[in-house]
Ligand code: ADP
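Here we start with a single chain on its own, the form predicted alone, put down as structure tokens.
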């Protein structure tokens, strides 16, 4: 019965995708699942009242048209997930979410899953800016070592790189019941562990370190850019990479930039990083932000008025996923502290109007022209000199800072920025990294660049 319902409902979904927007399909329609047929009525399970009521208000005609065509039925109704078990017992249905066969009982101890249970493929919101990388990571998880090896993911902070790494780990761990060796480590942790062994001078420690990393079935290294400039660490990682790759083991790397922009990294490493699939993950667009907001509300059990979701998505245009979740947490907390039963437009207005961070982000549009004007005004240089061939110190520093600010604020690859300045890619990489180092080492430079950023975002 259930297989029949699922099969026909898939046909209905195909029809609905032609008449309902992708946002409506992903946000609401795919949240329900058929469970039974009662007389002339198709019964669905709905996760909550908001999904049920939204579908009834906005999509009744479309659903009736499709179930009439595919099921030969003229009505539909809902059972809330909270009442599902009682409904199944009352109608003597098999719960398809439970195993139809008993699990085998074994005394063998299963190791504890080290991955974050909140970071799974099912909890990852798929949109136009991350659809390709989602498909790639899913393919790697299902067949590690056979496709996209190595897999190199890059993008800014808070866009979902770590979520996808944990999702891969969770998937493989669940499928193999913890029997595969999956190592997830930050590049900084890898480097510190190795440096500690070098300092101790113990050969046994070196052997154990190499055994741990070189016998892994899957090695995931986050923030791989942090091994830049560390020659001994790069040497060790090179041999670790080679051993795993030649053994057909899966390697997954995450970074804030693509391999070709990782200066101070040996060419033999960057060429290996780029030998598999290199894929970026971008900031979510409007539709994806709507899906993310709805998903976070659902996962956290928040009570938000449906009508404010698109308004929040528009308001939070400049925010990454992590920052969006922080805003939702703030809204929910404010509502509870002030006796509101639901986060509505009034609550949203009160919280956002009091949040300086959010107010400053609205209407914040950074452009290439704003950056160039700010640099020319600050350093009292002419535009033609900034882009010219002169290399005197009075021009090199503002030129490098301009390249850095464009890279940081315009979401453009360095290769494109290099073309703006009529320079090669390597020169742009050097300029960006030079400024990054200055920011770390020189408080005056750091303050000056912060002041420049205040200018270009207003």
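Numbering follows the first chain given and starts at 1. Since we're looking at a predicted model, the values are computed, not measured.
From this point on, the text means the form predicted together with ligand ADP, which you will not see here.
S.K.: Taking the partner as it appears in the predicted complex, which of 172-180, 242-250, 123-131, 70-78 has residues with heavy atoms within 4.5 Å of ligand ADP?
M.R.: Stretch with heavy atoms near the partner: 123-131.
S.K.: State yes or no: in the predicted complex, is some non-hydrogen atom of residue 87 no more than 4.5 angstroms from a non-hydrogen atom of ligand ADP?
M.R.: Outside the cut-off, so no.
S.K.: Residue 162 versus ligand ADP, in the predicted complex: is there a non-hydrogen atom within 4.5 Å?
M.R.: Residue 162: contacts ligand ADP in the predicted complex.
S.K.: Indicate whether residue 227 is a 4.5 Å heavy atom neighbour of ligand ADP in the predicted complex.
M.R.: Flag for residue 227 set to no.
S.K.: Please tell me whether any heavy atom belonging to residue 333 falls inside 4.5 Å of a heavy atom of ligand ADP, as the geometry stands in the predicted complex.
M.R.: Judged by the heavy-atom cut-off of 4.5 Å, residue 333 is well away from ligand ADP in the predicted complex.
S.K.: Which of 337, 207, 342, 157 has a heavy atom within 4.5 Å of ligand ADP in the predicted complex?
M.R.: When ligand ADP is considered in the predicted complex, the option within 4.5 Å is 157.
S.K.: Under a 4.5 angstroms heavy atom criterion, identify the one residue in 214, 315, 378, 322 near ligand ADP in the predicted complex.
M.R.: That would be 322.
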